[in-house]
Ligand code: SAH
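Below, in structure tokens: the form predicted alone, a single chain.
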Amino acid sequence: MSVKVILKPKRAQPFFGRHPWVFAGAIERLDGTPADGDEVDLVSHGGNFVARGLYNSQSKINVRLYSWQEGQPLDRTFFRDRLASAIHLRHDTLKLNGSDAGYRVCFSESDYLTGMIVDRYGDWLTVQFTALGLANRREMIVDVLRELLNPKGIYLRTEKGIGKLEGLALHDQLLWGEPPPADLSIAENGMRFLVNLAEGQKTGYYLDQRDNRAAVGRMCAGKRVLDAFCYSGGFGLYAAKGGAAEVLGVDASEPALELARRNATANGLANVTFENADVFKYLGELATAGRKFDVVVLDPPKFARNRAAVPDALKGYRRLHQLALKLLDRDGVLVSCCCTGLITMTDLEELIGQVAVEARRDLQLLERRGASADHPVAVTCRETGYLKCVISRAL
């Protein structure tokens, strides 16, 4: 008989609405003594079944929910069906499958598998666990992924801070199969990108910006382009491929820039240069020197991991946009990306607008964009819509 987690009065509505996170503050008591990672039933204060999930006393999210069907075992068959559904979206609907393709196979809450991300890079998979319950089942999950996708190897990536938040003791390592080659590359919209699965950012590459890179690249013919926080070259290389007159990419990571230079060579692009520098400082130096660009791309890393850090994050985004507008020539295109989930699209647009007014620049919002479609947003967990990309024109 399953352990029951009983909610406080009037706290069940979000979970009847299929939000997957049950925080400790919503729970009144336990009927039983579950071990961390065990299956539990979530029950309303009035005794009504709500959902089934996995328990973790070490996390602020005490229960992560997976099924709203009473009596549903959270076993191999269940997780296989969920992963098969996620793969169906990428292969049959989005047509992303290919021998050297890169795409997100499973996006945690967005695929109703809270606490797990799976990415595919050609014949290799990367897996990232952000929930103890699924991390404890990693051997079963690896077995299912082998059955469904037949990779050559599966590599585990860990996210900074998750170990402490979830009580996990994991480190980056090969989970199964062959280690990824040092020269692993993927095809993306007719271009090639080298991916470092063992040391690269996120799970090796920013797959979520695929469509945004293509959109920006189409705007860059004959333009002077600045790609700030360029990482392995993404936006800048798309701009160069799109016929930019010149492209300057800036990043603080020399290993990332080495990948960017190799990516430029792999794609036969000579109209791009890369600088290793603190981006804020370097953009200030460019502005002082009077440099101007027709397209400025801002794609910084996440600035806030909790609500307490949001005010400082907004200050960082404000400073970046102040510098960008100094560098942007008349009739220039500004690409503003924000992957800080705690900052909304409205927050970002208001910030951009305020900075434009302060700079006495008229600004037109051209496009509001999000992550590529292999990073869907679950309607029951809107927090999954973390990425914002605003394309605007400064007069």
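Nothing here was measured: the structure is a model prediction, and the numbers come from that model. Numbering starts at 1 and follows the sequence shown.
What comes next is about the form predicted together with S-adenosyl-L-homocysteine (SAH), which does not appear here.
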For the chain shown here without its partner, which stretch in 307 to 315, 97 to 105, 110 to 118, 224 to 232 has non-hydrogen atoms within 4.5 angstroms of S-adenosyl-L-homocysteine (SAH) in the model of the complex? 224 to 232
I need to confirm a contact call. Of G284, P300, G122, G153, which residue comes within 4.5 Å of S-adenosyl-L-homocysteine (SAH) in the model of the complex, counting heavy atoms only? P300
Using a 4.5 Å cut on heavy atoms, which of D278, E147, E139, D172 is close to S-adenosyl-L-homocysteine (SAH) in the model of the complex? D278
S-adenosyl-L-homocysteine (SAH) contact at E166 in the model of the complex, heavy atom, 4.5 Å: no
Mark F274 yes when one of its heavy atoms lies within 4.5 Å of a heavy atom of S-adenosyl-L-homocysteine (SAH) in the model of the complex, and no otherwise. no
Against S-adenosyl-L-homocysteine (SAH) in the model of the complex, would A245 count as a contact residue? Criterion: heavy atoms within 4.5 Å. no
Is there a heavy atom of D251 no more than 4.5 Å from a heavy atom of S-adenosyl-L-homocysteine (SAH) in the model of the complex? yes
